[in-house]
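Presented below, as structure tokens, is a lone chain in the form predicted on its own.
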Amino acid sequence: MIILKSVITTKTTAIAHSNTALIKYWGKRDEELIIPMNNSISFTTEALTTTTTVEFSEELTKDNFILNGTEQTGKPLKRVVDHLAIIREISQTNVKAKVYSENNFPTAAGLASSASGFAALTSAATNAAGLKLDKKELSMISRRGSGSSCRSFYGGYVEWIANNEQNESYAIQLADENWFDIRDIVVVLKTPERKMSTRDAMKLSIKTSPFFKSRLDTLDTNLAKIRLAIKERDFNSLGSVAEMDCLSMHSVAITSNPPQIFWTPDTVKVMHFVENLREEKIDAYYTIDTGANLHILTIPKFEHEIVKQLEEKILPEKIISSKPGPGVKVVNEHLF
């Protein structure tokens, strides 16, 4: 990593987009450095964003973190403070920071808010600290705050490399947001708060699920199928593999001890709804991260019909429809 001498600037704001995993990562080989057991592939979602402003100031005696207008304490604050400590170490400064962040979608609801959150934080904080880093370097830093955040630095379709020949782990872009126009219809349900964090659930699965290794054994094949589907713009191949990988990941979580069941009855209702759409010759597939909310993947011509049926038959809390979006960008409009 090439690092130029850090010169603390006043304030920087960055906007990052969440990403929807098509091939998911579940489990880490290094908990401290956030090195995953397997590669993963996602696409960046245009509609789901985090905006973060970071200001380093000699006047501050501690780091402050405001999320969606509420000052954070406990674990949320600690994660941000720990990440700022990594950036301070790289930039060779001890100056504390004020962090304001806003999500335009539900936080901690299985919609990858930590992905957009830490991508925006890393971009804004490194820029405010005067560091000049490329996207590969930024993704390697951001990964240490939230693994999936490394994929949000790029637009379109992105792969997170578990490790290369130099034992580095970072994200690469497979295709930009204009290459393959699909839709991600996010179905936000009324969901209970998760009892266990994603990190703890992963550790539990590695130790206790009898299917953990079996899933790893199938991933190289599925990764290759998704790469080919993106290259050839083959939606049905992409959707069917993504749906099966989702079920595979959740089967590992469900067979952990104790079981990690992220779904609610409404989640299962939407899963059957998507299966019925296919019987109606509507191309649609679901994928679910670590929560009860779902992503329905489809192509543009079916978008409005699916949204209409969701509103009539499911009545979710919210529907957010998105196309593939861009990577992180620094903007001039600050939150404070």
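Note that residue numbering begins at 1 and tracks the sequence as displayed. Predicted model only: the values in this text are computed from it and were never measured.
Keep in mind the form predicted in complex with a small molecule is missing from the figure; the text below concerns it.
- Just one listed stretch, out of 306-314, 49-57, 289-297, 264-272, contacts the small molecule in the predicted complex at the 4.5 Å heavy atom level, and that stretch is 289-297.
- Of the residues S209, N103, Q260, T198, just one reaches the small molecule in the predicted complex with a heavy atom at 4.5 Å or closer; this is T198.
- A single residue from the set R79, K136, R227, K96 has any heavy atom within 4.5 angstroms of the small molecule in the predicted complex; that residue is R79.
- Looking at S146, you'd find a heavy atom of it within 4.5 angstroms of the small molecule in the predicted complex.
- L277 falls outside the set of residues with a heavy atom inside 4.5 Å of the small molecule in the predicted complex.
- In the predicted complex, the small molecule lies within 4.5 Å of some heavy atom of M249.
- In the predicted complex, at least one heavy atom of A21 sits within 4.5 Å of a heavy atom of the small molecule.
- Each of K28, S114 and M202 places at least one heavy atom within 4.5 Å of the small molecule in the predicted complex.
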